[in-house]
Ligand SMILES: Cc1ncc(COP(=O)(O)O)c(C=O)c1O
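Shown here is one chain on its own, the form predicted alone, set out as structure tokens.
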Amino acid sequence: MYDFDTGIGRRGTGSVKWDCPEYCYPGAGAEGPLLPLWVADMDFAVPPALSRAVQDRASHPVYGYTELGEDFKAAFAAWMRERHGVAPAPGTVHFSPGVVTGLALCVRAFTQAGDGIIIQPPVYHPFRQVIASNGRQVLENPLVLTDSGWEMDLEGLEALARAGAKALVLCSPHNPVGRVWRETELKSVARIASDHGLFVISDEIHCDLVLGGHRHLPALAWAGESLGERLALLHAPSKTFNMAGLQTSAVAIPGAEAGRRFEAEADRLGLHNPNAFGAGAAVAAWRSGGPWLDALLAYLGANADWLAKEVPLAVPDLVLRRPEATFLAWIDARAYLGRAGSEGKLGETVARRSRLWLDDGAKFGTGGAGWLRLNFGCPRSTLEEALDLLKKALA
């Protein structure tokens, strides 16, 4: 019913992924166009209902200021109830153009200059940037790689909280390592935050993209009432439905006073109205996109299975653990650090030697050096080409 196998040409559309080599390694691609599997942006057509909503809105010749509308909040609440078993009250749902913007608003609204904010690297790199650029102190609670995969260092987290940290930015599911946190882990986070007064900012932008055998537990469920005014859940339809360019996200803040502080900070920055197309597209996707998402998850799961099998066979010494969520493979290439031609960052080496554009793990901070992040939200034929190029690059 839905075609995820047919490639869609995106060059010449202003695509950050396909048309913006300035985001890449200097000089890479001089011998030809790069194959970009870096940024978390899928190469699939959006759900038909979403496309129709944009077209219907575009058919009206005036694109003036747009109100968010109660239908946005109701559709988001219904989606969360259907998919994740918990629904935020409409009055607790707030607008942000994107999750990173929402994170910045939370940092500004709920902490003070100089406060320590915890991140768990290797992690989505804007976390560090947003904290530092707003005059807060980045505190690291690095994940620990064990024989069974990446885990939180809960003792280290509690030590930082006890020492005076003011907030935790939680990545759930985690990007880039692909973990879906278990209930026991999340309840430990809740206890630590409650005991030591941490404000928890939970980035759950990938929560709809959990692959088979795993289940996401949203912060609104595991935090319960223990955090009171100290919780914000960041969500967006952008990764789920491939609509990042429509700049629409939702921030669920159960505490009334915290919600007022968030809105006051948004007012100070002039963030009032959504994109004329984004809100309606999000409503259409949340109301009608379920079958499309189910088909997408089956396709992504098959891509993840294929990569987990083929990458180690094609390229000796690469290790790939099948991700539990997201469409991002986190490839252990540490065996190639220091080999001839790879003295620098591995991502740059791969791009220069094969035209394959992956994210270098060092970009994600402590624990990321020697890893590569590959976006498998694309047709299988693209992955096959990418694997050939990766094999060439690391030969």
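Because the structure is a prediction, the values reported are computed rather than measured. One-based numbering along the sequence shown.
The form predicted in complex with this ligand exists for this protein as well; it is not shown, and the discussion that follows is about that form.
K.L.:
Among 283 to 291, 179 to 187, 256 to 264, 92 to 100, which stretch has residues with heavy atoms no more than 4.5 Å from this ligand in the predicted complex?
P.N.:
Checking each option against the 4.5 Å cut-off leaves 92 to 100.
K.L.:
Identify which of Tyr124, Trp222, Phe76, Phe241 has a heavy atom within 4.5 Å of this ligand in the predicted complex; exactly one of them does.
P.N.:
Looking at the other structure, the residue within range turns out to be Tyr124.
K.L.:
Report the residue, out of Asn303, Asn175, Asn141, Thr111, that has at least one non-hydrogen atom within 4.5 angstroms of this ligand in the predicted complex.
P.N.:
Going through each option in turn, the one that passes is Asn175.
K.L.:
Is Gln120 near this ligand? Define near as a heavy atom within 4.5 Å, in the predicted complex.
P.N.:
Outside the cut-off, so no.
K.L.:
Given that the partner is absent here, does Ala40 sit within 4.5 Å of this ligand in the predicted complex, heavy atoms only?
P.N.:
Taking the distances in the predicted complex, the answer for Ala40 is yes, it comes within 4.5 Å of this ligand.
K.L.:
Evaluate Ile205 for contact with this ligand in the predicted complex, applying a 4.5 angstroms cut-off between non-hydrogen atoms, and reply yes or no.
P.N.:
The answer is yes: Ile205 has a heavy atom within 4.5 Å of this ligand.
K.L.:
Does any heavy atom of Cys171 come within 4.5 Å of a heavy atom of this ligand in the predicted complex?
P.N.:
Flag for Cys171 set to yes.
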